[in-house]
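Here you get one chain, nothing else, as structure tokens; it is the form predicted alone.
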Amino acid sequence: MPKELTLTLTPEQAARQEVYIPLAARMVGVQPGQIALARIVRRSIDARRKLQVLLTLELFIDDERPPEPVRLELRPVDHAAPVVVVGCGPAGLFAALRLIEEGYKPILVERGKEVGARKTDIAAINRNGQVDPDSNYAFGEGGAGAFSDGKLFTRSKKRGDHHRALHILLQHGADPSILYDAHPHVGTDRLPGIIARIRQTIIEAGGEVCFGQRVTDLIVKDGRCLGVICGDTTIEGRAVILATGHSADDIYMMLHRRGVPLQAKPFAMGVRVEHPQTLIDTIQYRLPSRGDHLPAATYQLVAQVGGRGVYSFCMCPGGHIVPAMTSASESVVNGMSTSGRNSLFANAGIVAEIRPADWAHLDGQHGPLAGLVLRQQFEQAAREHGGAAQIAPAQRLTDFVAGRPSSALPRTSYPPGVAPSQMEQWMPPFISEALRGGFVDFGRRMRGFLTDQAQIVGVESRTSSPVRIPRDGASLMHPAIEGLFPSGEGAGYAGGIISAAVDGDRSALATARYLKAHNNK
């Protein structure tokens, strides 16, 4: 049996295998040469008292061999029963892979472009150009995560085993460190290539991928979903997995018009806060410089302000703020980092809980879409108070907390640029007051966080879907439409790349069970 142990090391020691393997051998009472393999299981940094790296190793002694990695068992499905999968984000892609393993032909339907072509449209947005409503940071192959960081932060086992998803990413080109880092990260520069290779795997097995197809309706016969309509095009299958992502407002509206039951759900909105990365490094590591062996420092913050939760979201060390709107009428921002995390800036979403009482005034007119309408109003207000096109409203952090305007702003990583705005004047008070209290609390706990070197940029509003598409807990099927399987972030059952991938996998298994129970008819 392999032996597992945890070493407490300096950053320099943790970076050198020739140092930590002899230490590990001594701890288990063998010679270094007897260690056939030292596999890193987990790596994390502890800077609470003394800066240390905690390195957990799995040691295989002499002739012991590690277990085989998770591998896809794909079979040709060119002529198999088809299943329509709407959306080429992680939920859709991983659903397609599992369907192939189960002997079904996935037909992936994506409103946007393939991941390579998306780059051109995203570059135009970064230059403050036109926003293509179907090809942007939110829509297109790979989903919202493809060009906004690629963090793989979930370790939850509540909905499925995340190890399978991580191993599939590894097989398609991700770095092995995603299997053991405490905060695994692919990087925006690497993730598009991985996504393209996953698509190729699907196609080689006989699956289909249809780009430029925006779903406008469902095909429902005798209460059963048998495909989708994309404008003038009909795409049929034995069932439909709906994995459209958290920004597909038109899908929620189409379902609501159809009378399909939906549920409003709590979510969160706020701003992006941006600091110099060297400042965050100094605060977190308590060193004048992080040196060559430490990564760009990160943070995770949570506070309660008047009973409302305020927390950091999608923290991007060494990253950039990016324009994440899907329409020219909105100002929406997100964060991303490349694999090197070598930008001069650190940014994170700082968001406040949004509750049913906050959208109660919209319930009568909009029903389960009331939270969605509130989010749209917030994004449109930000657009009105920004600059031309994608120029975002911004304010120095200390000015926002003090309730005064900013006459000038620090440098920013946000490509289109920022314009001064006194943001609490147009934000709903329940958001601005919660954020102000949160920033004060964070400044007490991270000395130096509350500084005029930092600025907030608006708005961070796409943390999760404001709508849940209900499904039965056992079958994962919509209770009102047989054969419709809501999945991933857009359906309200995931919150990031890995959790969406796991949920897509589960939805595909549920679809296969359903079809086999009905003799694949």
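Start at 1 with the first residue shown and count on from there. Worth saying up front: this structure is predicted, and the values here are computed from it rather than measured.
Just so it is clear, the following notes concern the form predicted together with a small molecule, a form of the same protein that is not shown.
At a distance threshold of 4.5 angstroms between non-hydrogen atoms, Asp250 is in contact with the small molecule in the predicted bound form. In the predicted bound form, Tyr414 stays away from the small molecule, with no heavy atom inside 4.5 Å. Using a 4.5 angstroms threshold between heavy atoms, Arg111 counts as touching the small molecule in the predicted bound form.
For the chain shown alone, Ala174 is not a contact residue for the small molecule in the predicted bound form, no non-hydrogen atom being within 4.5 angstroms.
Residue Phe147 is the only one of Phe439, Tyr104, Phe400, Phe147 with a heavy atom lying within 4.5 Å of the small molecule in the predicted bound form.
Interface residue among Gly335, Pro317, Gly227, Gly207 relative to the small molecule in the predicted bound form, by the heavy atom within 4.5 Å criterion: Gly335. With the small molecule left out of view, the stretch that reaches within 4.5 Å of it through heavy atoms in the predicted bound form is, among 370 to 378, 284 to 292, 298 to 306, 240 to 248, 240 to 248.
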